[in-house]
Ligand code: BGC
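This document starts with one chain, in the form predicted alone, laid out as structure tokens.
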Amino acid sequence: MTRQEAMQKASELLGKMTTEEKVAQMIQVPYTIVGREEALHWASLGAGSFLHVLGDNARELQQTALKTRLGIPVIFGIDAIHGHGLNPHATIFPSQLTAACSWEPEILREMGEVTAREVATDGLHWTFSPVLCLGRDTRWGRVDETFGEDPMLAGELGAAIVKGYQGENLADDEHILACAKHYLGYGEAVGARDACDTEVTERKIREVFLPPFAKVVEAGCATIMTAYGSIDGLPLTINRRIMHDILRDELGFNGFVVTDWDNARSLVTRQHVKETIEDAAVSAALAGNDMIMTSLEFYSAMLNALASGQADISVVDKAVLHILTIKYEMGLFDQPEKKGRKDCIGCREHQDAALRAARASITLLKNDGMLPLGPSVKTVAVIGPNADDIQAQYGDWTYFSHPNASKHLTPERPYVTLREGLAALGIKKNVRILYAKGCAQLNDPSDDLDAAVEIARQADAIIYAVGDMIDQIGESKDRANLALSGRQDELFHRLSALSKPICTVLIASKPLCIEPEAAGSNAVICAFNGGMFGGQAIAEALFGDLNPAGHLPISFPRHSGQVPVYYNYLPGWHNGKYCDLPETPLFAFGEGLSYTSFRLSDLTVDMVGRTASVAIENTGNYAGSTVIQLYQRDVVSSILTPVKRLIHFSRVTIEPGQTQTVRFELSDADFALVNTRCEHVVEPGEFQILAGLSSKDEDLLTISVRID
């Protein structure tokens, strides 16, 4: 069904609806909060959507909805963030931040496609993903849900996963609705405190935080979620300028908008900007929110406001038209339940996709020649709290970590931790693998550093797996201190005193301050939250069965007091750094090594043909893959512009001794800035085009061009 046909049918149905039926369509009911009986009551009233309900419970609600006067089907939503993770049998992918290390849109597209198929097979319609907030302040608890710190990279990867979720046709049985969130600037809250005020201007919004959303709207993303927080003191829930004027009138978004959890009621109970729930309901609807998540008081409040004349029915009509149009586009009136593909949940094909994503995400940050482990290494000690902790490896948003998920506390197979991955490969390679946890992520009476040191003393090489844990990840889990918690630093110092080769592996939700480990290790691998086969991918990289090819989508601070530390900062600082720290991050955006080596040369820019090209040669002994990154610097501009800005990237795979030439198509947008009038303009003058394998100045070739 075309969109025009869907709108026509939605308009016809809207004309038959009572006021109560219309307002009910704007309600999204949390099944795990209200329970079965109340959920059935809401279904009989004609509620538009339910969330966090699976299987036969969802089917029961759908049948109740279909028996109402007009038989309008329900949309079921789920937090399928990196896989259909609330289902304990589903395929668990790397987190969004981890997958972003691949810099491969195809990896994200496949991740979205597999997730959609498994969600659809559960009979559900909608995932609250992707997150397009930027991870610019790593103290924030939800950095793992982002694509990192850069708006261009986030937009490209976000568009890819949206296409994976939605496919070519929303009515397709194996695809579901995507929901881009959190609109807007949520991750930039003051002090990285979740849902706090975001102190940015509209110009900054347009320059930094809006571009990823513009990209996914262009890709056809069907729904958008409102952010919890506020901008300049005005909650996003009631910010019509951002929610309607910019989103719909400028970006051309034509789907429907859903609030985040309990946003409408929070206007009264938390943010204290509305006196009554009626005031909150009217303001939220007027601002452009079509569906209200979990604030069930909205139903009676909006009916009261309509009856008293406080609100006009046209506001409700517009919201319901948006919702019904999507329902028609999805074909729900003909087939209310997605069928998916029989027996696909957690199937081998899907597990293979999760393994591909984990392999593509492994990022080598330091290597003095220790890796890959060679034939002289006969015994390996794997030490550390995250060497055998599948919950830490999975990260947030799975069946044993989500507060509203079913109460499964024990991870279900298949999965492979780092310890298990090394053990499996050790058997094949005749290498003995020893293990000791040593310490927990937080101080624990079971910590036994002495035992870990004794185990390590027997080994030829040490793999030290550090990071965070579930209790340190997610909403309301913002961290003031990004240093390794518990006794992890202490254990590292004791291990390093053995004078044996050490590789530190970070299995964590975000960049942590690991400067002692980075300085004292022979090799460093960033694995973040690798999903069900993250441990296997790390082990393959350690033994050389996998040549690491990931690049960081986010910078690593040296110290908690250094944040935020992102590559595309504005110039003009006095001295450019804290007096007690270098100005550079520990590891920079775009950084990532390989077991081979690459050399870039012959950077050229043709401003007439609007192209840039650069040659890359594999100068090492292994076939390898890397990411060529193209940056722009506006030398003199009417407003402060970033010291560099990513404008293009391309992954290349090259055999030893071979050279490839990579070309990029340039456009006006690559040279544009947002001026003080919030206009995108290209100013005449000198620009620099920079090409390299990271954002670090020393890794970049530079050429100057002029626009007259």
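Remember, it's a predicted structure, so these values are computed and weren't measured experimentally. For every residue, the number given is its place in the sequence shown, counted from 1.
One more form of this protein, predicted in complex with this ligand, exists but is not displayed; see below.
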Practice task
Would you mind picking the one in Phe128, Tyr464, Phe209, Phe256 that has a heavy atom within 4.5 Å of this ligand in the predicted complex?
Solution key: Phe128
Exercise for the section: Answer with one of Met225, Ala90, Cys526, Ala392: the residue that has a non-hydrogen atom within 4.5 Å of this ligand in the predicted complex. Expected result: Met225
Exercise for the section: Flag Met26 as yes or no: does it have a non-hydrogen atom within 4.5 angstroms of any non-hydrogen atom of this ligand in the predicted complex? Expected result: no
Practice task
Would you check, heavy atoms only and a 4.5 Å threshold, whether Asp279 touches this ligand in the predicted complex?
Solution key: no
Exercise for the section: Flag Glu156 as yes or no: does it have a non-hydrogen atom within 4.5 angstroms of any non-hydrogen atom of this ligand in the predicted complex? Expected result: no
Exercise for the section: With heavy atoms only and a cut-off of 4.5 Å, decide whether Asp260 touches this ligand in the predicted complex. Expected result: yes
Exercise for the section: Select, from the options 51-59, 639-647, 677-685, 658-666, the stretch whose residues sit within 4.5 angstroms of this ligand in the predicted complex by heavy atom distance. Expected result: 51-59
Problem - Site test, His182, Met293 and Glu475 vs this ligand in the predicted complex, non-hydrogen atom cutoff 4.5 Å - result: yes
Problem - Sequence-ordered list of residues in 130-153 near this ligand in the predicted complex, where near means a heavy atom within 4.5 Å - result: Arg142
